[in-house]
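The data below hold one chain only, encoded as structure tokens and taken in the form predicted on its own.
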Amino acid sequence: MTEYDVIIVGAGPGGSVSAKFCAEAGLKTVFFERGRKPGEKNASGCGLGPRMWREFPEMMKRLTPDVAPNLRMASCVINHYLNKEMEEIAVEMYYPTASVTYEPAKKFITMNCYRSEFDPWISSLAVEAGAELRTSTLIKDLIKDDKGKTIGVQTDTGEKIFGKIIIGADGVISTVAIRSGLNPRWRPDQITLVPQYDFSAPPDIIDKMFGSDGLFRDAADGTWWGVTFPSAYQVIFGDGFHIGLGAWMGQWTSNPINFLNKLISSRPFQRMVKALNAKPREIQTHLLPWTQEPIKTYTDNVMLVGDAGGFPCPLEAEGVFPAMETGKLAAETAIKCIADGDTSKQGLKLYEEKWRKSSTGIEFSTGGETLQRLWKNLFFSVQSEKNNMEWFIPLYHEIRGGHFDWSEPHIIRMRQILETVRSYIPQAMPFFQKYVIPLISDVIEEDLNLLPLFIKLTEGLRPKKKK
């Protein structure tokens, strides 16, 4: 009979971090990967935020182009705005702002990396620490004792492996979550389907466009906002880029790929493809949890990390950092509970206490619900009965760009802009009161009712005629 202190199902970022910290503490640790190597089953790449360097400084120092050849810094984000006719009416570029307090984050927004490079590297750190990695192994079930408590796992070949603690790091369709009873099924409003296209592009052309001396200096991230498709994200790597979009499963009104194809076939996007000499390389589709609150993440002898626990950010569903952070916290909990001889759900409650105080927990505890409600009813409202992007994009365009027009005296243009803005107030006001004010209230931790003030302000938008 094979026995371990800790069994970890999944060798992605969360599972590998758990394995690394458990092994470093001297626990007999094994982690399983269903693919031939970690990262083989993952879709394309990811953007690694500065929080990773703050939370895992020694580890992230070792992420270099030697281990991830297509690693690319993004110090700037580009926003594209498309109207109902799929014409690009605005483009914005933003670098880190003055309010950023974490020094490295003043230089970059993300480091972009293929998961096929990142996952093998991070799993190698766990192996280096003494964890045992078993690849090409599918965990099909959990082993339970006569009291119903999980005591091990069973592979698809029938092999049984026993352990004191099982950590589920096996993604959105988590065998550990399902078989332990922690999450038998996601609700349609808790999960998103994400189709994306992966493109190859010559590295020298990418450098000319997005390199340190390129047209868009050190840009490697982008968002596409539209009236006829949900918000789309673009991430640029050393030899290509991917473009994808998503929405909650209960929100799609037609095949998700149809919405992505609208963007891909648009003239603005095709101009970029032509400029980069890019070629479609692969089409990918994956599921992601996108919740207002993580699910129950622990029970007797079991903890869930990363996607398995519903930890991706409630705003944009970024999941690599939450997986790594919760993986570390689960390892810390396992180390203490095994030392104390208490791996029951009472002992493992420490895990939830830890993650709720963490950076990941803060995302959910202060505004997770209001953030997501705003996001869902604005940039992802294109399939809803009330498509708020129909008024938001032209309103935003008018406010941000109207003053650049020289066709009239400036004072006349200002009056025209104010009149146009005023015409959108009947649509914008209810939205603002319903979704924006609650979010601001969460941010400043104070109840607000700004509707009377806004009514008074908007009444004054109509210019008065001079006598």
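Residue indices: 1-based, along the sequence shown. Not measured: the values here are computed from a predicted model.
There is another form of this protein, the form predicted together with a small molecule, and it is not shown here; the text below is about that form.
A.B. asks: Contact between residue 318 and the small molecule in the model of the complex at 4.5 Å, heavy atoms?
C.D. replies: Judged by the heavy-atom cut-off of 4.5 Å, residue 318 is in contact with the small molecule in the model of the complex.
A.B. asks: Quick one: is residue 11 in contact with the small molecule in the model of the complex, heavy atoms, 4.5 Å cut-off?
C.D. replies: Yes.
A.B. asks: Check whether residue 170 has any heavy atom within 4.5 Å of a heavy atom of the small molecule in the model of the complex, and answer yes or no.
C.D. replies: Result yes; residue 170 sits at the interface with the small molecule in the model of the complex.
A.B. asks: Any of the heavy atoms of residue 334 lying within 4.5 Å of the small molecule in the model of the complex?
C.D. replies: No, residue 334 is distant from the partner.
A.B. asks: Going by heavy atom distances of 4.5 angstroms or less, which of 126, 220, 323, 329 would be at the interface with the small molecule in the model of the complex?
C.D. replies: Residue within 4.5 Å of the partner: 323.
A.B. asks: Could you tell me which one of 376, 80, 179, 115 places a heavy atom within 4.5 Å of the small molecule in the model of the complex?
C.D. replies: None of the others qualify; the residue that does is 115.
A.B. asks: Based on heavy atom distances of 4.5 Å or less, which listed stretch (63-71, 433-441, 405-413, 26-34) is in contact with the small molecule in the model of the complex?
C.D. replies: Single hit among the candidates: 26-34.
A.B. asks: Look at the candidate spot formed by 249, 294 and 383 and say whether the small molecule comes within 4.5 Å of a heavy atom in all three of them in the model of the complex.
C.D. replies: Contact check failed for every one of 249, 294 and 383.
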